[in-house]
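A lone chain, given as structure tokens: the form predicted on its own.
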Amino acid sequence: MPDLLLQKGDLQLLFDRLSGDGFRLVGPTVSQEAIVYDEIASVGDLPRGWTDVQAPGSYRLEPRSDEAFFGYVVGPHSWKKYLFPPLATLLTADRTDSGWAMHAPPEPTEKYAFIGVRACELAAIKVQDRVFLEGAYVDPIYKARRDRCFIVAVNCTQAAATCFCTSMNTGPRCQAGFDLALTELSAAFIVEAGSDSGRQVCGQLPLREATPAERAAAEAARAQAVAGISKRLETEGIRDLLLTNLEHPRWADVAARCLSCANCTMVCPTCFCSSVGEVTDLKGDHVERQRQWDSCFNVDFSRMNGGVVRNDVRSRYRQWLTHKLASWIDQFGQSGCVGCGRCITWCPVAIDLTEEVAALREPGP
């Protein structure tokens, strides 16, 4: 299917079409001085005319000089909270006269349409697909949600100072994994269909084929994002670099700055650490086994056999970075980092993993 053109005034028709097909719309919106992902109803909920300015340990919103709907990069939320929810019930048990009755949670009925997914986020979803769907054991909660989502991606036309997707070969252009992909121009969107579902939706919208000039304008807009990426992560030999430098003095240096607050793992679109606990009602007659997000930066995460394995910040930061960039490759055949830069932006003390890797390439004393 050739590239198509959707006038900005018709974007609401896309939203209405998806809502009419039973999808709950989730997209970017402004809340608490950030652009976050939340349920939306109309184009009026989008962060039109706003952009984000990011740097290590810094994030702020600023008004744009135009009325772009998607003129920002990425915020603190990622789509994993809808596919791999922060809190999920795995099993319930109720006391009966004949013993305990166990019940699996009901299958989800809601369908989500994700609006505004960026290329690095498509790559992150692919990473979590590998973790939850392609191994020996399939996660039923993730699978049920993943099977029912529709993805409207948006190509980046700008970059933040913390972006390094080009180093990870994950962006900034959306290549695959979407149903529809949009490139925003001043008065319209260039639309690409990436699936049969996407093509069906296109057939229900007032689209026309884009002209060569409009396609060239879209290419130029996407090129702006590439030109704006200044941060780099050297990935050549990175696995061996990390795993052969476990006693490098840089680990102690970063540990002196790291708060072990877990911000980096919470905002990361691929981190999947979790813990499982059981919660009872006051009578003890109803029990829920719940899974919730956890982090390798939490002290008790490595507790076993009565003791904590990683009981200092140095070992916990080293575990996170070596898993993300090295042993993840051994487990899943790919890096756990997509270059979105969230861990850099939302670190309270501005720790930058690209700088930490570069420092490890320097010989120790």
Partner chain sequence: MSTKPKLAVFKFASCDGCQLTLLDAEDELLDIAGALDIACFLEASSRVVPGPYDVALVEGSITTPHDAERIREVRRQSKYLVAIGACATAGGIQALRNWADSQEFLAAVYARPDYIETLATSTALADHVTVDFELRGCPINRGQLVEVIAALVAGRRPRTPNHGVCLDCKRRGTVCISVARGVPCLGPVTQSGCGAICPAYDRGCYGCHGPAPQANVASLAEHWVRSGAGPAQLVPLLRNFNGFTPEFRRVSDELAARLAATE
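Residue numbers count along the first chain shown, from 1. Computed from a prediction, not measured in an experiment: that's the story for all the values here.
This protein has a second form, the form predicted in complex with the partner chain, left out of what is shown; the following refers to that one.
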**Report entry** in the predicted bound form, segment of 105-113, 235-243, 157-165, 73-81 with a heavy atom within 4.5 Å of the partner chain
**Finding:** 73-81
Query raised in the report: Taking heavy atoms only, is residue 67 within 4.5 angstroms of the partner chain in the predicted bound form?
Result: no
Query raised in the report: So in the predicted bound form, does any heavy atom of residue 353 sit within 4.5 Å of the partner chain?
Result: no
Requested in this report: Mark residue 257 yes when one of its heavy atoms lies within 4.5 Å of a heavy atom of the partner chain in the predicted bound form, and no otherwise.
Outcome: yes
Query raised in the report: Using heavy atoms and a 4.5 Å limit, would one call residue 349 a contact residue for the partner chain in the predicted bound form?
Result: yes
Query raised in the report: Ok, 278, 209, 129, 94: which has a heavy atom sitting within 4.5 Å of the partner chain in the predicted bound form?
Result: 278
Report task. Heavy atoms within 4.5 Å of the partner chain in the predicted bound form is the criterion; list the residues of 36-65 that meet it. Result -> 36, 57, 58, 59, 60
